[in-house]
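In what follows, one protein chain appears twice in different forms, each by itself as structure tokens: structure 1 and structure 2.
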Structure 1
């Protein structure tokens, strides 16, 4: 007598793994949820302070950014936002690549591009936050935050 598998049960063939690859994908799944909650707070705060409070977008210029990053708390805020958003976003795009790019070579190329963009952006952003000079020498004083001349 032939047994019929339950609908949608995984096919067990030679190429199908019986166990998942450790817990890596589960950790990724959990990370998306935890970082997501933190990012809601960080990004809503970012949008409120930059686009809603004060003069909104019309008030954003070099002096505005310099004023924010003079405060260590905004540096930490933006650093955390950069890292969490980049990991969350890159992992999301990785999922999209896995879903739609069917050829192994296409997947590899897209993932190399994604990793390159990820590393470049995270390294650049991190360096900018920590090596930023709010009062660069030789710049017109009216473009700088007021504390440069004080």
Structure 2
């Protein structure tokens, strides 16, 4: 007498094995959920401080940003928001590329373009956050903001 397995039981064959890609996809899926929650906290904190706690939209200007980025905590906050948003977004676009790009060559080109855009944005954004100087030495006094001592 032959027994038939239940329709939903896993079928194990010699070629069936757990792949590294499956683990990477699981980590990506988990990252999307966790980073999404962290991003909500970071973004609403950012919006609250910039729009509600201060003078509103009219209070946001060059001086406001310069004052904020003079504090290392705000630099780290904005850096975390930039990095998490970029990784979260790039991972989402990568998933869309995997789902809809039919040819392997097309998929590769799109992923290379995505990686290039990701790296460029993260590197430039990080440089701006940590090298921002509202009062550069040697600048003409008429071009500097009013709070700078020329």
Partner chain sequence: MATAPAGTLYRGREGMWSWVAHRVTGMLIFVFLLVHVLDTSLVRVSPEAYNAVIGAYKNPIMGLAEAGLVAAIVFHAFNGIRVILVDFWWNGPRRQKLMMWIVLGLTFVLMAGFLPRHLGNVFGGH
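Note that the rigid core is defined as the largest set of C-alphas that superpose within 1.5 Å between two forms. Positions refer to the first chain, counted from 1. No experiment lies behind these values; they were computed from the predicted model shown.
- Of the two forms shown, structure 2 is the one predicted on its own, while structure 1 is not.
- Superposition on the rigid core between the two structures places the CA atom of residue 98 less than 2 Å from its counterpart.
- The rigid-core alignment places the CA of residue 142 2 Å or more apart between the two structures.
- Superposed on the core, the two forms differ at residue 61: its CA moves 2 Å or more between the two structures.
- Core-aligned Cα shift between the two structures at residue 47: this is 2.6 Å.
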